[in-house]
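Below you'll find only one chain, the form predicted alone, shown as structure tokens.
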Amino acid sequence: MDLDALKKRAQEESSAIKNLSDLEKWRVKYLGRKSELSLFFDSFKNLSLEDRKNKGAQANKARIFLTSLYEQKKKSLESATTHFHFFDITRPGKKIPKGHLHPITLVLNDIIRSFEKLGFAVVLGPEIETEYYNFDALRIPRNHPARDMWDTFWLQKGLLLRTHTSPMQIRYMEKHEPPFRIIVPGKCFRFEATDSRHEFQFHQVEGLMVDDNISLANFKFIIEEVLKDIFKNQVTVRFRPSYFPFVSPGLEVDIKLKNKPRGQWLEVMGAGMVHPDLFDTVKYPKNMWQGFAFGLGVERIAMIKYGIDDIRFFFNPDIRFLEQF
């Protein structure tokens, strides 16, 4: 068998091939089980050992050549098909997928914008906090029963993952003189079981306003304006007494959606007038300043605003959930 003639003939025929269907026929003819080359290999059993070695090497080179020829032609045809396919200009355009802001980010942006309209500046604080700022300076000394309210992730040497954003009240007042009004958005951590209403990590927006003539009336007005702005005037707001060691008196703020008049009241914030002891801690002159502080739960606002019934959705990277926003 003349292998050189076979290769030449195969190369000439492959050059004329214009589609993948004809290429497959070519492959069967020159590389299939019943091809001339395969029959040539089958005839080796009648040859001597020396002849088998010589002709086998030549036949292998011919098969490698034909296989390479086939692969190159196939790649060329597939490339031509990809780049020159028919395009129907009358078809509607395909919508390109876009990224989405996370619902927590959306709600945080709404909260920040609402407070900025009322003159509040945005301040950030550390997530790794000291025991002093997280507890002691806020009138929650060691062994105080109020510490049970904050299940804490303790680190080394008196450090911890902050359980609330309230430490920034002390940190900010230590370095700034009133009057001022600030909010402190950030992530907090508590060592507690996870369920549909609780997560070991969550977001809070701390607020602090200090001036020479601040009362609960100022607080109520500002908070009502902010919540109505966030929910597009579709909420009713109520205030009720509560206890937090670093405010006096203490309040909790509840809201109810107007489109659900028979729905339940939902707590969204703890707050109150800044306790005088905090002013003493940061060395403000006695009886000169007054202020209020609050901590707003971001996930709680997002769950109410978007009708989400499980807080764990916010930390689950399920694209089906994220694409809804």
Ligand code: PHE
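Sequential numbering from 1, following the sequence displayed. Note that the coordinates shown come from a computational prediction; the quantities given were computed from them, not determined experimentally.
Keep in mind that the form predicted together with the named molecule is missing from the display, and what follows is about it.
Chemist: Go through 53-61, 23-31, 290-298, 66-74 and give me the stretch that gets within 4.5 Å of the named molecule in the model of the complex, heavy atoms only.
Modeler: Correct option: 290-298.
Chemist: Would you kindly say which of Phe246, Phe120, Phe189, Tyr133 lies with a heavy atom within 4.5 Å of the named molecule in the model of the complex?
Modeler: Flagged contact: Phe246.
Chemist: Contact with the named molecule in the model of the complex for Glu129, defined as at least one heavy atom pair within 4.5 Å: yes or no?
Modeler: Contact check for Glu129: no, nothing within 4.5 Å of the named molecule in the model of the complex.
Chemist: Consider Phe180 of the chain shown here, and say whether it contacts the named molecule in the model of the complex, taking contact as heavy atoms within 4.5 Å.
Modeler: Residue-level check for Phe180: no, no contact with the named molecule.
Chemist: So in the model of the complex, does any heavy atom of Trp150 sit within 4.5 Å of the named molecule?
Modeler: The answer is yes: Trp150 has a heavy atom within 4.5 Å of the named molecule.
Chemist: According to a 4.5 angstroms non-hydrogen atom cut-off, is His203 in contact with the named molecule in the model of the complex?
Modeler: The answer is no: His203 has no heavy atom within 4.5 Å of the named molecule.
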